[in-house]
Ligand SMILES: Nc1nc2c(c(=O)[nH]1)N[C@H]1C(S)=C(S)[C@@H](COP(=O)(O)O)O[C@H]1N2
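Read the single chain below, which is given as structure tokens and is the form predicted alone.
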Amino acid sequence: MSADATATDANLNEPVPDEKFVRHSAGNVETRLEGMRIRGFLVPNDRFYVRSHAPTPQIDAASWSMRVFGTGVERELQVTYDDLLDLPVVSVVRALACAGNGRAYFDEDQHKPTGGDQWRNGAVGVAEWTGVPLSAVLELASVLPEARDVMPEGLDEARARRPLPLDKAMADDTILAYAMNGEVLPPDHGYPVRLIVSDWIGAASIKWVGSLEVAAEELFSPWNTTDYVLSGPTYPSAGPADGEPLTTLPVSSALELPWPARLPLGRHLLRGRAWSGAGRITAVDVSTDGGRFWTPATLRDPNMPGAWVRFDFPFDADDLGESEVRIRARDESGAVQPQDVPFNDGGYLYNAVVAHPIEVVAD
């Protein structure tokens, strides 16, 4: 086994070899999308990006329980792991994406650097998540008519927490997951139980859930007031928050190529993935001339709302030297990847079209 195969991060439970991940700050690793070329529709657990606010906690499911409480329920509950396993099981295939995915481009394309990990496009992944609807657990506590918000809180050192409006918490595809791609949920991804909030930024899908507060009033935390909000010169504050709290993932796309890429002379079939929190992807267009002329890529089944679609297109590497490819996705709401994204202090939701650099080399 190579040294790379045993590369570790002290904040994570599993190895993070360089062939699979780009490592950022402690506990945060980005999937190398070029490694997905033969991996299929779902991202394997051992290649799925990780975004954490604190080291992975070591939790024993046998002693774990989740408190359900607050002014929005009739009675308080303690729900055990076995209690969850006894509830009706559901599975959803859904994308998770960090709100900071693409943050590096604020610096590279706009020359406006932000703090935080400088993700490119690999802080995204699609998996099959299995568990129980969050609504099934909330109903055990008898949600009151005046209930407004639900706040899941993690058992990590940061006590990550972010509220959801009740209607989103009760949605059929908002689930408490205990399995990922047919396996017990890995510790780095939230074992024993994590929330999956379909179509929203990854920060809403709290890992290592230890409690659910259901409130008759609006709830706030650092994760929806100072972090994970659109703030800055062009964004007004919103109540106690520094800006507009982030929710739905924007239409986005990425190529399954290294950055920068090196390709030999000749014709190539290039591949990528496109996703949106607003619905199914309806088109992906490609430009190799700086965005003046666009041609359609071929979308490949399955094309699932809430997940992503794979696409491909031919690329003729005719001349040695520098080249580039731009891709632009559209979703069924009519949203199209923009040419530019207004700067925000957190470097969030960068989904503008980018020029992917390619060097054409001799064989």
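As the structure is a prediction and not an experimental result, all values here were calculated from the model. All residue numbers are counted from 1 along the displayed sequence.
Omitted from view is the form predicted together with this ligand, to which the following refers.
Undergrad: Of Trp223, Phe106, Trp259, Tyr178, which one comes within 4.5 Å of this ligand in the predicted complex, counting heavy atoms only?
TA: If I apply the 4.5 Å criterion carefully, the residue I get is Trp223.
Undergrad: If the cut-off is 4.5 angstroms on heavy atoms, which of these, Val50, Val43, Leu33, Ile327, is the one near this ligand in the predicted complex?
TA: None of the other options qualify; the answer is Val50.
Undergrad: Among 275-283, 67-75, 181-189, 232-240, which stretch has residues whose heavy atoms lie within 4.5 Å of this ligand in the predicted complex?
TA: Within 4.5 Å of the partner lies stretch 181-189.
Undergrad: Answer with yes or no whether Arg194 is in contact with this ligand in the predicted complex, where contact means some heavy atom within 4.5 Å.
TA: Yes, Arg194 lies within 4.5 Å of this ligand in the predicted complex.
Undergrad: Quick one: is Asp117 in contact with this ligand in the predicted complex, heavy atoms, 4.5 Å cut-off?
TA: Flag for Asp117 set to no.
Undergrad: Whether Asp173 contacts this ligand in the predicted complex should be assessed with a 4.5 Å heavy atom distance threshold; does it?
TA: Contact with this ligand, no.
Undergrad: Would Ala169 sit within 4.5 Å of this ligand in the predicted complex, counting heavy atoms only?
TA: Ala169: no contact with this ligand in the predicted complex.
Undergrad: Can you tell me which bits of 206-221 touch this ligand in the predicted complex, meaning any heavy atom within 4.5 Å?
TA: Counting only heavy atoms within 4.5 Å of this ligand in the predicted complex, the contacting residues of 206-221 are Ile206, Lys207, Trp208.
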